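Quick heads-up: it's one chain on its own, the form predicted alone, in structure tokens.
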Amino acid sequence: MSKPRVLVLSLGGTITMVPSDSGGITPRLGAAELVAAVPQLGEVAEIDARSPLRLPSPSLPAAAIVDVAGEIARAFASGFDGAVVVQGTDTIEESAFLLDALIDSDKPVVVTGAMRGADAPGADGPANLLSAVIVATSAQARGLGTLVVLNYDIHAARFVQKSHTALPSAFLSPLAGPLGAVIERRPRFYVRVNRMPALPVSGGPPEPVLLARIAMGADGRLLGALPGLGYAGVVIEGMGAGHVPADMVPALAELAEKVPVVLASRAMTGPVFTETYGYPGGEIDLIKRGLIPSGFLSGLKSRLLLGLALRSGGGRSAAVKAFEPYQ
């Protein structure tokens, strides 16, 4: 039997980093070198290794991930069975969510990376890459949307979060837990999730959206300036279940009349409430004033979804529609 065809796209990140002459590690390895370092991959799939970028993940623009989504869509149309995106872990939860929102296919898309550089003792990149390709070739992974595979855990893009700066076990899905794990070189899924609606790749990169975290004593004096700075929308990370200081409410209400404003939570996990707290600055008050609840999406992911919804002149109604599946 022929082996499944898997597209491996490397964008850079710690998994590709080795020491540089100027000090520290920098992204220098490409997809072909990563694949060559794991000969077991040849037992799993026929690999097409490409290196569109070699960047640390903090420098990855959202537009590049939209381009990656388009390249994967074309690969699927030409007969590839799965895709793996390799990148730095700092922005994996954002890139994976963008891919999940843009790729309209049941074929597996897996994002992976590493917490240790390629030359480090106990480097985790090779094991993560092998696990990712194993998942990308699995029939069980079909229809689950984009997945994130690190440290043998299999996460859904909508839930995964980076929770530690150093440990190989840095990635968690605190709201729902991982969907499964790679054990004895095969994926074992214990939970399944429904595929979320996909937005068109052809719409281009997300519109600029500001993410603002609200802290004790915040007064919102900068909010009125945001539309004039070119922001198409704003995501507010409120306190708790979606709350802000009462003094901020007038500025937020005025802002929501000019651009779509999404209400998320700065808490690590859990949904934004919609019908519990009625005091000024509580979620009932804010929603009545036009803010759109993010559901269970974090502020990071809400920012990306709002930016996608506002492409091509989409306004508040487009934003409301985009967030409905996440409530």
Ligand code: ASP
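Sequential numbering from 1, following the sequence displayed. From a predicted model like this one, the values you see are computed outputs, not experimental measurements.
Below, we turn to the form predicted in complex with aspartic acid (ASP), even though it does not appear here.
Stretch-level contact check against aspartic acid (ASP) in the predicted complex with heavy atoms at 4.5 Å: of 64-72, 298-306, 284-292, 49-57, the positive one is 49-57. 88 is the sole member of 88, 108, 178, 125 with a non-hydrogen atom lying within 4.5 angstroms of aspartic acid (ASP) in the predicted complex.
Taking a 4.5 Å heavy atom cutoff to aspartic acid (ASP) in the predicted complex, the contact residue among 244, 96, 256, 114 is 114. With respect to aspartic acid (ASP) in the predicted complex, the three residues 13, 17 and 162 uniformly fall within 4.5 angstroms at the level of their nearest heavy atom.
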